[in-house]
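A single chain comes next, written as structure tokens; it is the form predicted on its own.
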């Protein structure tokens, strides 16, 4: 019996490959022949061929983004999230083994889904699809802006210089200017496939231009996607004219409807909310700033790359969308680095409480944490959630609070320790490092104390 699988997470960095590895290890234990296609940030790898699909008994889709299911027509599909695959790979594979073949006369594909509510799961998946396509633009733009700041905070104002060129490429006229349109466009794409791209991206661009920001982009993406779905259901053309639907009718009508609603109905209120949020952030001082930093830290460590973590990250990225250093983004990255670092430290402090394999994984966690890949903590959290998750949440909360207390700022939305040497990328760098170290030590010591032998 041959089982196929596809794994894909929003960022395409860690969860995608961890889920694939978990499925492969479980298949080996269960003596199942498996082939796993990973759809990560570098594109599809180990791609499933037609021969693989024709010989497969079932396919496991461990995905948090929309993937092409049409090629699996005729075989049972088991749908779940990447976290389900990491936590219970054997359970998913058993469901795939037990799945009954699809009868040839059945037109509809047989799909078994996880128990998450369909509507909630759909909205989350659409949002995460948009975020997954947006993140490379955020990272590329942010690092190029940071490199521009290396020549001086105001060096980019001198036209014709390298600093100016870097700001043009990475800033509002380059990668950063595309973030919101890409976010909105691929949310709409996830909902309505290719016809959703045009109204979604136009809606995102309108949102960015009128100052509605990320919130407006998210709304525009959902509005565009569901508008296209509604138009496809309601407009019926003669067969001879059906070719006009994707190239004329849908893009024109959906873009017109979405644009008018964004400009005359939603744009103003969303801009007011966005402006109020930014004003609130700029006015944060003392206890309020520390409390926000602690909340950000708790969110970053709570599900280590899941929806809560991504919500905090997107919030932080939104605060540097204008290319300005942000206290919130600094707290987000510092707090996101702590969980793997704290776990790695605990494997050193309490060696006798970890297996040999766990201690080896702890060595990798140092690198993952330093690179701001919070997902490096997941294998440890999955094995012992009661002790690991509270420990890393406390460490991250302290780091986030300290980062805000010291008014550390960050002009880069990713990169971990590798962007810290860039001049002017981090404001108050010494105390920023102190924040990360203190949270790591507290989280690591707490976990080493709580862990059982």
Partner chain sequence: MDMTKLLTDKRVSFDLKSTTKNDVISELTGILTNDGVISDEGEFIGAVLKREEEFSTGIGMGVAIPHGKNKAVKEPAIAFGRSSAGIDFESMDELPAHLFFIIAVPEKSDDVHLKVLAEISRKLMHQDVRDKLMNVSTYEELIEVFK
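Positions refer to the first chain, counted from 1. This is a predicted model, so every value here is computed, not measured.
Omitted here: the form predicted together with its partner chain. The next part is about that form.
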Original post:
in the predicted complex, which of the listed residues (66, 38, 409, 424) lies with a heavy atom within 4.5 Å of its partner chain?
Top reply: 38
Original post:
Mind checking whether each of 18, 21 and 86 has a heavy atom within 4.5 Å of its partner chain in the predicted complex?
Top reply: yes
Subject >> Interface segment, criterion being heavy atoms within 4.5 Å of its partner chain in the predicted complex, picked from 394 to 402, 66 to 74, 38 to 46, 53 to 61 >> reply: 38 to 46
Original post:
Heavy atom to heavy atom, is residue 14 within 4.5 Å of its partner chain in the predicted complex?
Top reply: yes
Original post:
Does any heavy atom of residue 444 come within 4.5 Å of a heavy atom of its partner chain in the predicted complex?
Top reply: no
Original post:
Given that the partner is absent here, does residue 25 sit within 4.5 Å of its partner chain in the predicted complex, heavy atoms only?
Top reply: yes
